[in-house]
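Quick setup: the structure tokens below cover two forms of a single protein chain, split into structure 1 and structure 2.
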Structure 1
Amino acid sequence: MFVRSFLLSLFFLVIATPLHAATLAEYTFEDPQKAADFREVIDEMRCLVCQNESLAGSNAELAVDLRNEIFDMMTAGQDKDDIIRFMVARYGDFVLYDPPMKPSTYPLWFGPLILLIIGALVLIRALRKKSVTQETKLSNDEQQRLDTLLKQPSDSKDAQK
């Protein structure tokens, strides 16, 4: 059973690898710098459908269209910065994996830290409230009994057991 599952997994792995590699093989440039820039741009851009994959890794239809558009823009002579500006103007900073620091992206940069601080404050407040609540739970009778027990010598406590 294990051998069969292993061979089946290996078969699918071997078949899937060339398909993924073939997605970027169709984009060829005469200038190696253009090819490097193309690769860098599609690695920096987020797939708008998959959201956690880059344009280079996504096989979504929109990602393929955007790769084709970037390829066409680069072959037309536009440089990397022009293409990034165009894509940000068209889709917003969300299209970048590393958005620039500006007021509209502050929630992206500082949001997790703010949520962590709020969570810590809520936890500290809850722990303080719990400790205060435990201190006030003893009634007068319970407190008198506790004081009596604490004043007894240790020998008499052992005798009571």
Structure 2
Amino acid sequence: MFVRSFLLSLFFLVIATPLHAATLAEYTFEDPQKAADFREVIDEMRCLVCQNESLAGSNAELAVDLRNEIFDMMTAGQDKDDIIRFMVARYGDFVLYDPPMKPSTYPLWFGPLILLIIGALVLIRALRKKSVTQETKLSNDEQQRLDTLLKQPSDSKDAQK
């Protein structure tokens, strides 16, 4: 049973890739560099309808329209930057999986780093404090008590019992 479902999933996993590619097969470029740019740009764009799929992977009608639009623009000679500008002007930064660095996205970019630094500082402080406690010298009273305890012969301790 398990083997069967495993093999079945494997089968679908394998056939899924060529199917996905087949939907993009209609887009042919003479220039291989353009073809690569096209693949790259639609992989970097979010489908706004499904949101968790890229323009390359989505079968939503809007994604198909936008793929066609991007294809037409690239065949007409526009490059990747033109496409990105075109898309951001209409749909905002949201359309990009990789958000640009600007004041409104600073928390996004630096937030995790800041948290990491704070965590590291706390850890270093805690570790240092611990080692300091271990090295702490005994006070005079304590040292005296320790000395007397050590000087006491061990048998006298037994005798007290």
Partner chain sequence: MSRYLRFLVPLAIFAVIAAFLFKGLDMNPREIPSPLIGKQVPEFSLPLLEQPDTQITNKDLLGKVYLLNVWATWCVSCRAEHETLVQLGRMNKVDIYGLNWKDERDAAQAWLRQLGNPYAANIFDKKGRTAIDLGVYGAPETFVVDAKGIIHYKHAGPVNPDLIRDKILPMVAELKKKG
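The first residue in the sequence of structure 1 is number 1, and each one after it adds one. From a predicted model like this one, the values you see are computed outputs, not experimental measurements. Rigid core: the largest C-alpha set superposing within 1.5 Å between the two forms.
Which structure would you label as the form predicted on its own, 1 or 2?
-> Of the two, structure 1 is the form predicted on its own.
Superposing on the rigid core, does the Cα of F110 end up 2 Å or more away between structure 1 and structure 2?
-> Yes, the C-alpha position differs by at least 2 Å between structure 1 and structure 2.
P32 C-alpha relocation of at least 2 Å between structure 1 and structure 2, rigid core basis | No, shifts by less than 2 Å.
Quick one: core overlaid, is P100 moving 2 Å or more at the Cα between structure 1 and structure 2?
-> Shift of 2 Å or more: no.
Cα shift between structure 1 and structure 2 at R145, which is computed once both forms share a superposed rigid core (Å) | C-alpha shift for R145: 33.5 Å.
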